[in-house]
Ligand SMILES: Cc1cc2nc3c(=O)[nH]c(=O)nc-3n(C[C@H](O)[C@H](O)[C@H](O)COP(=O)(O)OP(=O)(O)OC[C@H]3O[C@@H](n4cnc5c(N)ncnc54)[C@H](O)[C@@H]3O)c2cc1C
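Encoded as structure tokens, the following chain is the form predicted on its own, with no partner shown.
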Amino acid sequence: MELQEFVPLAPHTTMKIGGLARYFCDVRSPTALKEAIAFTVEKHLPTFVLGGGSNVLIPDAGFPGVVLHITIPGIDWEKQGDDIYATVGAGMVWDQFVAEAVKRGYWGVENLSGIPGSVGASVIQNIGAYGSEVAQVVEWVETYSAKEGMARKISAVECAFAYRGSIFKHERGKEFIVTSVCFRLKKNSVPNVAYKDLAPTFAKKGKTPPTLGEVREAVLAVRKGKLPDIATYGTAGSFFRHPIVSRAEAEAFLAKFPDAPHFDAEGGRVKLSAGWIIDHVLQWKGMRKGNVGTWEKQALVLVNYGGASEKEMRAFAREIQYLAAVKTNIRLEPEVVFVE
């Protein structure tokens, strides 16, 4: 276990915001994780688990305890008939795994191309895009329980996946630190390109189904056209979750905004578009205040144009929440995790 002191956290996040970590540990194996946890217990220090840093907002004051930077690498492939089981280290970059799966001709994660972050974070967040969610291909998740001091394998059912959520985001699952994930992919499958942003790309192909590579290229092209380059701008992607409301709340909202997109959700509820609300109701697409703003091509994406503080980003997000609540009676909940 290699422990560093007073490490800047901003460079470890795509938002490019955050102060110093009192202690910072690159965790490259389950054994190193166990040692790091033992250190935090001995010193009575708080811990924060950091993956690719693509969905967090870290305080300007930094973190007073130990940041566990999960960098566990590797992919093991196992074929069983038409199924391919990929067991992937939690620290692997998500899109590197997707690129390798596509290169090998394995279906299941191609629609999730280009999403920043790590494999471990993908299951915590239940990442999704263009008609797919990672929950659809997860077989099991290997974890280390800081509370029990032992490894534990958690099945896909036990993960309790939900829209942008899982057991790992709730109190009963926060003790588990993801060390690896097993994905069940397919050697043969039907392309999932019905999503509105992808469908036009393949309409001209007629009945000829697109290849795996073509689906990945199309997804990457759509993302490039709508989202800021994280090498240039600080961003966590979609800052707010799409609100899922009761049917009565949806009817009241749609009576006032009949053109708003809406979709059926579980339990008879209705999913609304947070981006549409910010864009068409608040008219805040491309809004900028100081060093922060909403992206000019996607209102749901908040951007650090350079030099933004955590306080500045939080204030901007709160103003969006306040205006949305006043004008629509709908509360927008952050998708980004605020580190305390």
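We number the residues from 1 along the sequence you see. The shown structure was predicted, so the numbers you read here are calculated from the model rather than taken from an experiment.
Unshown form predicted together with the named molecule; subsequent notes refer to it.
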One stretch from 264 to 272, 185 to 193, 241 to 249, 123 to 131 that, in the predicted bound form, holds residues within 4.5 Å of the named molecule by heavy atom: 123 to 131
Residue among 84, 260, 230, 220 with a heavy atom within 4.5 Å of the named molecule in the predicted bound form: 230
Partner-contacting position among 276, 305, 284, 48 - heavy atom within 4.5 Å of the named molecule in the predicted bound form: 48
In the predicted bound form, residue 165 touching the named molecule (heavy atom, 4.5 Å): no
Contact test in the predicted bound form: residue 215 vs the named molecule, heavy atoms, 4.5 Å: no
Residue 177 within 4.5 Å of the named molecule in the predicted bound form, heavy atoms: yes
is_contact(residue 54, the named molecule) in the predicted bound form, heavy atom dist at most 4.5 Å: yes
Sequence-ordered residues of 297 to 321 touching the named molecule in the predicted bound form, heavy atom within 4.5 Å: none
